[in-house]
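The chain below stands alone and is given in C-alpha coordinates; this is the form predicted alone.
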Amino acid sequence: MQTLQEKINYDKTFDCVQCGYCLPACPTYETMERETHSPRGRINLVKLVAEDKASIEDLREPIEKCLGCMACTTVCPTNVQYGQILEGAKEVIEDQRSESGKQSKVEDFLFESFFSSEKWMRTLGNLTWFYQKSGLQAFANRLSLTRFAPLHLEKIERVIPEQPSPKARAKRVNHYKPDGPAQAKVAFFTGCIMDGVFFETNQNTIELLVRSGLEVLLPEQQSCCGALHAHSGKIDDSRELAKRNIEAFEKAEVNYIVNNAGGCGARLIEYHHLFDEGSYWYDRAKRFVSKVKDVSQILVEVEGLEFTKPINRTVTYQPSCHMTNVQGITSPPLELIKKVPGITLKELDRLDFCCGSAGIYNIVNYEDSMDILDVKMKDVCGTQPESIITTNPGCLLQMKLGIEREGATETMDAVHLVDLLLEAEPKVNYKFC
(Lines give C-alpha, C1' and ligand atoms only; values in the text may rest on other atoms or scores of the structure.)
Protein backbone atom coordinates (compact mmCIF):
# COMPACT_ATOMS: atom_id res chain seq x y z
CA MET A 1 0.00 0.00 0.00
CA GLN A 2 1.33 3.43 -0.94
CA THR A 3 2.31 5.91 1.75
CA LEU A 4 0.99 9.49 1.64
CA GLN A 5 4.37 10.71 0.37
CA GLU A 6 4.39 8.13 -2.43
CA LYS A 7 0.83 8.85 -3.48
CA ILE A 8 1.31 12.61 -3.47
CA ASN A 9 4.60 12.32 -5.42
CA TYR A 10 6.65 14.00 -2.70
CA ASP A 11 9.95 13.05 -4.34
CA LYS A 12 9.01 14.98 -7.50
CA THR A 13 8.41 18.23 -5.60
CA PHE A 14 12.17 18.65 -5.09
CA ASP A 15 12.64 19.26 -8.82
CA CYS A 16 10.93 22.63 -8.31
CA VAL A 17 13.53 25.28 -7.44
CA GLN A 18 10.89 27.98 -6.85
CA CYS A 19 12.37 30.12 -9.65
CA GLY A 20 9.03 31.69 -10.63
CA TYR A 21 9.25 31.09 -14.38
CA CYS A 22 5.81 29.47 -14.13
CA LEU A 23 4.10 32.56 -12.73
CA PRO A 24 3.54 34.53 -15.98
CA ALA A 25 2.30 31.33 -17.68
CA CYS A 26 -0.29 30.47 -15.03
CA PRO A 27 -3.84 31.75 -15.71
CA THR A 28 -5.04 31.33 -12.12
CA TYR A 29 -2.06 33.23 -10.74
CA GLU A 30 -2.83 36.08 -13.15
CA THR A 31 -6.52 36.30 -12.31
CA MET A 32 -6.41 35.36 -8.60
CA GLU A 33 -3.10 37.07 -7.75
CA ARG A 34 -2.24 34.64 -4.95
CA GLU A 35 0.97 32.67 -4.53
CA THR A 36 -0.95 29.60 -3.37
CA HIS A 37 -2.75 29.60 -6.73
CA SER A 38 0.47 29.41 -8.74
CA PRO A 39 2.26 26.18 -9.73
CA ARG A 40 5.20 26.74 -7.40
CA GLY A 41 2.84 27.69 -4.56
CA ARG A 42 0.83 24.51 -5.03
CA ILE A 43 3.99 22.40 -5.18
CA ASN A 44 5.19 23.97 -1.94
CA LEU A 45 1.84 23.15 -0.31
CA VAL A 46 2.09 19.54 -1.51
CA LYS A 47 5.54 19.33 0.06
CA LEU A 48 4.25 20.75 3.36
CA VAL A 49 1.37 18.24 3.44
CA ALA A 50 3.76 15.37 2.75
CA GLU A 51 5.96 16.56 5.64
CA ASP A 52 2.91 16.85 7.93
CA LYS A 53 3.39 20.61 8.20
CA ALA A 54 0.05 21.40 6.59
CA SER A 55 -3.26 19.57 6.33
CA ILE A 56 -4.89 18.08 3.27
CA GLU A 57 -7.69 20.58 3.83
CA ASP A 58 -5.15 23.42 3.40
CA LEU A 59 -4.32 21.92 0.01
CA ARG A 60 -7.88 21.41 -1.23
CA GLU A 61 -8.87 24.87 -2.48
CA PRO A 62 -5.59 25.73 -4.29
CA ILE A 63 -5.53 22.34 -6.00
CA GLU A 64 -9.21 22.40 -6.96
CA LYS A 65 -8.77 25.88 -8.43
CA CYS A 66 -5.92 24.69 -10.69
CA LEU A 67 -7.00 24.40 -14.33
CA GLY A 68 -4.53 21.64 -15.05
CA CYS A 69 -3.67 23.41 -18.32
CA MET A 70 0.01 22.44 -17.93
CA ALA A 71 1.22 25.77 -19.34
CA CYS A 72 3.72 25.83 -16.47
CA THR A 73 5.41 22.68 -17.75
CA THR A 74 6.30 24.32 -21.07
CA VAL A 75 8.34 27.08 -19.38
CA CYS A 76 9.80 25.11 -16.45
CA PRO A 77 13.63 25.04 -16.67
CA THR A 78 13.94 21.97 -14.43
CA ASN A 79 11.25 19.81 -16.08
CA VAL A 80 9.09 19.49 -12.98
CA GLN A 81 6.48 16.76 -13.46
CA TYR A 82 3.67 19.05 -12.35
CA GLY A 83 0.96 16.91 -13.93
CA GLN A 84 1.90 13.90 -11.81
CA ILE A 85 2.16 16.04 -8.66
CA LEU A 86 -1.27 17.54 -9.40
CA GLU A 87 -2.93 14.16 -9.97
CA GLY A 88 -1.30 12.78 -6.81
CA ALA A 89 -2.62 15.72 -4.78
CA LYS A 90 -6.11 15.29 -6.22
CA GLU A 91 -6.06 11.58 -5.42
CA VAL A 92 -5.10 12.29 -1.78
CA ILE A 93 -7.87 14.91 -1.51
CA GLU A 94 -10.37 12.47 -3.04
CA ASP A 95 -9.29 9.73 -0.62
CA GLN A 96 -9.97 12.02 2.32
CA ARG A 97 -13.38 13.00 0.91
CA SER A 98 -14.34 9.34 0.43
CA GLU A 99 -13.21 8.40 3.93
CA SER A 100 -15.24 11.24 5.43
CA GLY A 101 -18.35 10.20 3.49
CA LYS A 102 -18.58 13.56 1.70
CA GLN A 103 -18.76 11.99 -1.75
CA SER A 104 -22.34 12.29 -2.97
CA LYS A 105 -24.44 9.65 -4.70
CA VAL A 106 -24.74 12.03 -7.65
CA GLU A 107 -20.96 12.16 -7.98
CA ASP A 108 -20.77 8.36 -7.72
CA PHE A 109 -23.32 8.01 -10.52
CA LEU A 110 -21.64 10.57 -12.81
CA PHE A 111 -18.18 9.05 -12.61
CA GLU A 112 -18.97 5.36 -12.18
CA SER A 113 -21.92 5.04 -14.55
CA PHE A 114 -22.70 8.14 -16.61
CA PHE A 115 -19.50 9.25 -18.37
CA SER A 116 -18.31 5.68 -18.95
CA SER A 117 -21.56 4.49 -20.52
CA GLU A 118 -22.27 4.75 -24.25
CA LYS A 119 -25.94 4.18 -23.43
CA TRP A 120 -26.07 7.14 -21.05
CA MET A 121 -24.21 9.39 -23.49
CA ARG A 122 -26.65 8.48 -26.23
CA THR A 123 -29.54 9.14 -23.83
CA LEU A 124 -28.05 12.54 -22.98
CA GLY A 125 -27.93 13.45 -26.67
CA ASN A 126 -31.45 12.19 -27.33
CA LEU A 127 -32.93 14.02 -24.36
CA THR A 128 -31.17 17.21 -25.43
CA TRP A 129 -32.61 16.77 -28.95
CA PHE A 130 -36.12 16.40 -27.48
CA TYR A 131 -35.58 19.45 -25.24
CA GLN A 132 -34.51 21.52 -28.25
CA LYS A 133 -37.05 20.28 -30.80
CA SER A 134 -40.14 19.99 -28.63
CA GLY A 135 -40.20 23.68 -27.78
CA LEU A 136 -39.29 23.05 -24.14
CA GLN A 137 -36.05 24.99 -24.50
CA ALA A 138 -37.79 28.03 -25.98
CA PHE A 139 -40.52 27.81 -23.34
CA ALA A 140 -38.03 27.52 -20.47
CA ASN A 141 -35.99 30.45 -21.73
CA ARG A 142 -39.05 32.61 -22.38
CA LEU A 143 -40.19 32.17 -18.77
CA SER A 144 -36.62 32.34 -17.43
CA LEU A 145 -37.05 28.90 -15.86
CA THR A 146 -33.44 27.98 -16.65
CA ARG A 147 -32.24 30.38 -13.97
CA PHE A 148 -33.13 27.68 -11.43
CA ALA A 149 -30.62 25.23 -12.94
CA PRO A 150 -27.70 24.44 -10.58
CA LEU A 151 -24.02 25.24 -11.22
CA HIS A 152 -24.80 27.96 -13.81
CA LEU A 153 -25.91 25.28 -16.26
CA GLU A 154 -28.42 27.74 -17.70
CA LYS A 155 -25.47 29.52 -19.33
CA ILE A 156 -24.06 26.34 -20.86
CA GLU A 157 -27.51 25.12 -21.94
CA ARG A 158 -27.78 28.06 -24.36
CA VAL A 159 -24.59 27.21 -26.25
CA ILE A 160 -25.04 23.45 -26.68
CA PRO A 161 -25.21 22.71 -30.42
CA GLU A 162 -28.36 21.47 -32.12
CA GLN A 163 -28.59 17.72 -31.63
CA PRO A 164 -29.34 15.04 -34.26
CA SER A 165 -32.47 12.94 -33.86
CA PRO A 166 -32.35 9.51 -32.18
CA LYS A 167 -32.99 8.02 -35.64
CA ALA A 168 -29.92 9.79 -37.06
CA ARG A 169 -27.76 8.54 -34.19
CA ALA A 170 -28.99 4.99 -34.69
CA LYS A 171 -27.89 5.03 -38.35
CA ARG A 172 -24.19 5.11 -37.46
CA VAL A 173 -22.29 1.92 -38.17
CA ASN A 174 -18.96 0.73 -36.78
CA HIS A 175 -17.06 0.23 -40.02
CA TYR A 176 -16.46 2.67 -42.89
CA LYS A 177 -14.49 2.13 -46.09
CA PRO A 178 -13.29 4.64 -48.70
CA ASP A 179 -14.43 4.39 -52.32
CA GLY A 180 -10.99 3.22 -53.45
CA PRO A 181 -8.35 0.97 -51.85
CA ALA A 182 -7.75 1.87 -48.20
CA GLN A 183 -4.34 3.45 -47.67
CA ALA A 184 -4.44 2.69 -43.94
CA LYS A 185 -6.79 1.40 -41.27
CA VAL A 186 -7.57 3.58 -38.26
CA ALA A 187 -9.78 3.25 -35.20
CA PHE A 188 -11.73 6.30 -34.14
CA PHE A 189 -12.01 7.16 -30.44
CA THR A 190 -15.47 8.71 -30.11
CA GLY A 191 -15.16 9.99 -26.52
CA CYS A 192 -18.04 10.45 -24.07
CA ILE A 193 -18.89 14.17 -24.19
CA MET A 194 -17.89 14.38 -27.87
CA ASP A 195 -20.29 11.60 -28.81
CA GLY A 196 -23.06 12.73 -26.47
CA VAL A 197 -23.05 16.45 -27.28
CA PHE A 198 -20.95 16.80 -30.46
CA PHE A 199 -22.16 13.76 -32.37
CA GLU A 200 -22.24 15.64 -35.69
CA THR A 201 -18.60 16.67 -35.28
CA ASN A 202 -17.74 13.02 -34.68
CA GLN A 203 -19.60 12.07 -37.85
CA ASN A 204 -17.77 14.79 -39.76
CA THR A 205 -14.48 13.41 -38.44
CA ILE A 206 -15.30 9.97 -39.77
CA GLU A 207 -16.30 11.51 -43.13
CA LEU A 208 -13.02 13.42 -43.37
CA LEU A 209 -10.98 10.31 -42.63
CA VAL A 210 -12.90 8.22 -45.17
CA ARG A 211 -12.53 10.94 -47.84
CA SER A 212 -8.82 10.84 -47.15
CA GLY A 213 -8.65 7.20 -48.23
CA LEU A 214 -8.73 5.64 -44.77
CA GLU A 215 -10.69 2.67 -43.52
CA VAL A 216 -12.30 3.63 -40.20
CA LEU A 217 -13.36 1.33 -37.37
CA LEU A 218 -15.31 2.27 -34.24
CA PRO A 219 -14.53 -0.38 -31.59
CA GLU A 220 -17.80 -1.21 -29.85
CA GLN A 221 -16.33 -1.78 -26.38
CA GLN A 222 -14.54 1.58 -26.14
CA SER A 223 -15.36 3.86 -23.23
CA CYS A 224 -14.64 7.26 -21.68
CA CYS A 225 -10.93 8.11 -21.80
CA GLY A 226 -10.86 8.67 -18.01
CA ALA A 227 -9.61 12.26 -18.10
CA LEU A 228 -12.49 13.63 -16.03
CA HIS A 229 -11.94 10.89 -13.47
CA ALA A 230 -8.21 11.58 -13.21
CA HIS A 231 -8.81 15.33 -12.93
CA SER A 232 -11.13 14.60 -9.99
CA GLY A 233 -8.65 12.38 -8.19
CA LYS A 234 -10.36 9.11 -9.13
CA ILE A 235 -7.18 7.47 -10.41
CA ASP A 236 -8.36 3.90 -9.87
CA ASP A 237 -11.45 4.57 -12.01
CA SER A 238 -9.29 6.18 -14.69
CA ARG A 239 -7.03 3.13 -14.66
CA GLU A 240 -9.93 0.74 -15.16
CA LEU A 241 -11.23 2.79 -18.11
CA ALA A 242 -7.74 2.73 -19.61
CA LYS A 243 -7.69 -1.07 -19.42
CA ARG A 244 -11.09 -1.23 -21.08
CA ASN A 245 -9.98 0.99 -23.97
CA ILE A 246 -6.64 -0.77 -24.41
CA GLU A 247 -8.44 -4.10 -24.76
CA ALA A 248 -11.06 -2.69 -27.14
CA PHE A 249 -8.56 -1.07 -29.50
CA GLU A 250 -6.13 -4.00 -29.46
CA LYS A 251 -8.87 -6.12 -31.03
CA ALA A 252 -9.21 -3.60 -33.88
CA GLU A 253 -5.63 -4.21 -35.13
CA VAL A 254 -5.24 -0.79 -36.75
CA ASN A 255 -2.38 1.47 -37.80
CA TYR A 256 -3.56 4.45 -35.75
CA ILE A 257 -6.02 5.34 -33.00
CA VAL A 258 -7.51 8.71 -33.96
CA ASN A 259 -9.23 11.22 -31.66
CA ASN A 260 -10.61 14.72 -32.24
CA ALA A 261 -10.57 16.12 -28.67
CA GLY A 262 -7.43 17.66 -27.19
CA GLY A 263 -8.32 16.63 -23.63
CA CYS A 264 -9.08 13.02 -24.57
CA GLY A 265 -5.90 12.75 -26.62
CA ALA A 266 -3.83 14.00 -23.69
CA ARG A 267 -5.25 11.28 -21.43
CA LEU A 268 -4.85 8.56 -24.07
CA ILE A 269 -1.13 9.26 -24.63
CA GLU A 270 -0.49 9.06 -20.88
CA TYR A 271 -2.14 5.69 -20.25
CA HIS A 272 1.22 4.06 -19.48
CA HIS A 273 1.71 6.42 -16.51
CA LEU A 274 -1.22 4.68 -14.80
CA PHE A 275 0.75 1.43 -14.48
CA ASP A 276 4.05 0.34 -12.92
CA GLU A 277 6.87 0.50 -15.43
CA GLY A 278 7.69 -2.92 -16.87
CA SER A 279 4.37 -4.45 -15.80
CA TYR A 280 2.06 -6.39 -18.12
CA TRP A 281 -0.40 -3.50 -18.42
CA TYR A 282 2.39 -0.93 -18.79
CA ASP A 283 3.70 -2.69 -21.88
CA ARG A 284 0.22 -2.98 -23.38
CA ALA A 285 -0.42 0.69 -22.63
CA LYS A 286 2.85 1.71 -24.34
CA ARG A 287 1.80 -0.12 -27.51
CA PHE A 288 -1.58 1.60 -27.36
CA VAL A 289 0.00 5.04 -26.83
CA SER A 290 2.32 4.57 -29.81
CA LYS A 291 -0.71 4.52 -32.13
CA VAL A 292 -2.62 7.51 -30.73
CA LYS A 293 -2.93 10.47 -33.11
CA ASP A 294 -5.02 13.63 -33.20
CA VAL A 295 -7.11 13.86 -36.36
CA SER A 296 -5.12 16.93 -37.43
CA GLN A 297 -1.90 14.90 -37.35
CA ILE A 298 -3.42 12.32 -39.66
CA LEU A 299 -4.88 14.83 -42.10
CA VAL A 300 -1.65 16.79 -42.61
CA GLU A 301 0.01 13.55 -43.66
CA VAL A 302 -2.51 12.91 -46.41
CA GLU A 303 -0.73 13.50 -49.71
CA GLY A 304 -2.55 15.92 -52.00
CA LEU A 305 -5.25 16.87 -49.55
CA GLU A 306 -7.13 19.83 -51.04
CA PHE A 307 -10.17 21.82 -50.04
CA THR A 308 -12.29 22.82 -52.99
CA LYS A 309 -14.82 25.28 -51.53
CA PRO A 310 -13.54 28.74 -50.54
CA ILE A 311 -14.51 29.85 -47.04
CA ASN A 312 -14.28 33.63 -47.15
CA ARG A 313 -13.97 34.22 -43.45
CA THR A 314 -11.60 35.82 -40.96
CA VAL A 315 -10.76 33.33 -38.23
CA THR A 316 -8.58 32.93 -35.18
CA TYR A 317 -7.41 29.69 -33.63
CA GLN A 318 -7.80 28.85 -29.93
CA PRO A 319 -5.68 25.75 -29.23
CA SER A 320 -6.52 23.18 -26.60
CA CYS A 321 -4.11 23.45 -23.65
CA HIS A 322 -3.84 19.68 -23.32
CA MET A 323 -3.26 19.28 -27.03
CA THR A 324 -0.45 21.88 -26.89
CA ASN A 325 1.13 21.30 -23.49
CA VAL A 326 0.65 17.54 -23.05
CA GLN A 327 0.48 16.13 -26.57
CA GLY A 328 2.89 18.69 -28.01
CA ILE A 329 0.71 19.21 -31.10
CA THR A 330 0.89 22.79 -32.33
CA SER A 331 1.43 23.13 -36.08
CA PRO A 332 -0.94 20.55 -37.71
CA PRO A 333 -4.20 22.45 -36.98
CA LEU A 334 -2.69 25.71 -38.24
CA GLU A 335 -1.39 24.01 -41.38
CA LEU A 336 -4.87 22.69 -42.14
CA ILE A 337 -6.57 26.04 -41.53
CA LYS A 338 -4.13 27.72 -43.90
CA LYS A 339 -4.95 25.15 -46.61
CA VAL A 340 -8.59 26.25 -46.75
CA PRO A 341 -9.06 28.72 -49.65
CA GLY A 342 -10.46 32.11 -48.72
CA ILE A 343 -9.53 31.87 -45.03
CA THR A 344 -7.84 34.83 -43.38
CA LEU A 345 -6.12 33.61 -40.21
CA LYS A 346 -5.31 36.11 -37.48
CA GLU A 347 -3.37 34.54 -34.64
CA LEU A 348 -3.89 35.44 -31.00
CA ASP A 349 -1.27 37.42 -29.09
CA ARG A 350 -1.44 34.95 -26.19
CA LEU A 351 -2.02 31.72 -28.03
CA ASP A 352 -1.14 29.53 -25.04
CA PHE A 353 -3.37 31.25 -22.46
CA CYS A 354 -6.10 28.86 -21.26
CA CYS A 355 -9.74 29.66 -22.06
CA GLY A 356 -10.86 28.49 -18.62
CA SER A 357 -12.88 25.45 -19.64
CA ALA A 358 -10.55 22.72 -18.30
CA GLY A 359 -12.88 19.71 -18.34
CA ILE A 360 -15.72 20.62 -15.96
CA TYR A 361 -13.85 23.51 -14.32
CA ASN A 362 -16.24 26.03 -15.88
CA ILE A 363 -19.11 24.21 -14.17
CA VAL A 364 -17.69 23.66 -10.68
CA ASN A 365 -15.66 26.90 -10.59
CA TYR A 366 -17.84 29.06 -12.81
CA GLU A 367 -16.90 32.56 -11.62
CA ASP A 368 -13.16 31.82 -11.66
CA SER A 369 -13.55 30.30 -15.11
CA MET A 370 -15.31 33.41 -16.40
CA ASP A 371 -12.50 35.66 -15.08
CA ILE A 372 -10.04 33.63 -17.13
CA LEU A 373 -12.37 33.60 -20.14
CA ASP A 374 -12.64 37.39 -20.06
CA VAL A 375 -8.85 37.65 -20.42
CA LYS A 376 -8.98 35.25 -23.36
CA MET A 377 -11.85 37.07 -25.06
CA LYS A 378 -10.01 40.38 -24.88
CA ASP A 379 -7.29 38.74 -26.96
CA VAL A 380 -9.84 37.13 -29.30
CA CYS A 381 -11.74 40.35 -29.91
CA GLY A 382 -8.48 42.06 -30.79
CA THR A 383 -8.28 39.88 -33.92
CA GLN A 384 -11.89 40.72 -34.92
CA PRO A 385 -12.67 37.19 -36.17
CA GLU A 386 -15.86 35.92 -37.68
CA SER A 387 -15.07 32.42 -36.37
CA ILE A 388 -13.02 30.98 -33.52
CA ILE A 389 -11.56 27.60 -34.45
CA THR A 390 -11.05 25.05 -31.64
CA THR A 391 -9.99 21.40 -31.32
CA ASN A 392 -11.66 20.36 -28.07
CA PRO A 393 -15.32 20.17 -26.92
CA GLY A 394 -14.74 22.05 -23.66
CA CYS A 395 -12.91 24.84 -25.47
CA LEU A 396 -15.68 25.02 -28.06
CA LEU A 397 -18.43 25.48 -25.46
CA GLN A 398 -16.29 27.94 -23.52
CA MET A 399 -15.63 30.09 -26.58
CA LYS A 400 -19.36 30.09 -27.33
CA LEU A 401 -19.91 31.34 -23.79
CA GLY A 402 -17.27 34.00 -24.38
CA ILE A 403 -19.01 35.17 -27.54
CA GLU A 404 -22.27 35.50 -25.61
CA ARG A 405 -20.56 37.42 -22.80
CA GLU A 406 -19.16 39.83 -25.40
CA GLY A 407 -22.60 40.27 -27.00
CA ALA A 408 -21.10 39.20 -30.32
CA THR A 409 -23.39 36.34 -31.35
CA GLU A 410 -24.47 38.22 -34.49
CA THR A 411 -20.93 38.70 -35.78
CA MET A 412 -18.90 35.79 -34.41
CA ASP A 413 -19.21 32.03 -33.93
CA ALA A 414 -17.07 29.16 -32.68
CA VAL A 415 -16.54 25.92 -34.62
CA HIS A 416 -14.52 22.75 -34.31
CA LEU A 417 -11.65 22.45 -36.78
CA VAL A 418 -13.18 19.30 -38.27
CA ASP A 419 -16.47 21.05 -39.06
CA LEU A 420 -14.64 23.88 -40.81
CA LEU A 421 -12.61 21.45 -42.91
CA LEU A 422 -15.65 19.47 -44.04
CA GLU A 423 -17.45 22.71 -44.92
CA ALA A 424 -14.53 23.43 -47.27
CA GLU A 425 -15.39 20.21 -49.19
CA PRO A 426 -12.16 18.19 -49.13
CA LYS A 427 -11.24 16.51 -52.36
CA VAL A 428 -11.65 12.71 -52.39
CA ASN A 429 -9.29 9.89 -53.38
CA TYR A 430 -6.10 10.99 -51.64
CA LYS A 431 -3.05 8.92 -51.08
CA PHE A 432 -1.68 8.41 -47.59
CA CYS A 433 2.03 9.07 -47.10
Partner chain sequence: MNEWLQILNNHIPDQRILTDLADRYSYSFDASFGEHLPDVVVQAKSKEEVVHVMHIANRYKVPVYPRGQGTCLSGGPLPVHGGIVLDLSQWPKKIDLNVEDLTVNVSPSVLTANINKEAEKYRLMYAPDPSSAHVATIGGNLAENSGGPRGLKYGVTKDHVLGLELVTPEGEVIRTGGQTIKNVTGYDLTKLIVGSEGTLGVITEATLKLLPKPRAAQTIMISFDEVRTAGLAISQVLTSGILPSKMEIMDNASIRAVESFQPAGLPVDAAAIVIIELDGHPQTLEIETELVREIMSKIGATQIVIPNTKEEANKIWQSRKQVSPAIAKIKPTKVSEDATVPRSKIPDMMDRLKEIKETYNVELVVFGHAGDGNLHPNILCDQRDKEEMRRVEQAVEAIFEAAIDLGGTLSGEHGIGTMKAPFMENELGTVGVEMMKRIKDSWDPNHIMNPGKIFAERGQKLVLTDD
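Numbering follows the first chain given and starts at 1. Since we're looking at a predicted model, the values are computed, not measured.
The form predicted in complex with its partner chain exists for this protein as well; it is not shown, and the discussion that follows is about that form.
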Can we say 18, 24 and 77 each have a non-hydrogen atom within 4.5 Å of its partner chain in the predicted bound form?
yes
Would you please decide whether residue 383 lies within 4.5 angstroms of its partner chain in the predicted bound form, comparing each non-hydrogen atom pair?
no
In the predicted bound form, is there a heavy atom of its partner chain that lies within 4.5 Å of any heavy atom of residue 58, even though the partner is absent here?
yes
Any chance residue 364 has a heavy atom within 4.5 Å of its partner chain in the predicted bound form?
no
Mark residue 408 yes when one of its heavy atoms lies within 4.5 Å of a heavy atom of its partner chain in the predicted bound form, and no otherwise.
no
Which residue, 45, 66, 377, 70, is the contact with its partner chain in the predicted bound form, using a 4.5 Å heavy atom cutoff?
45
The chain here is shown without its partner chain. Which stretch in 398-406, 27-35, 384-392, 368-376 comes within 4.5 angstroms of it in the predicted bound form, by heavy atom distance?
27-35
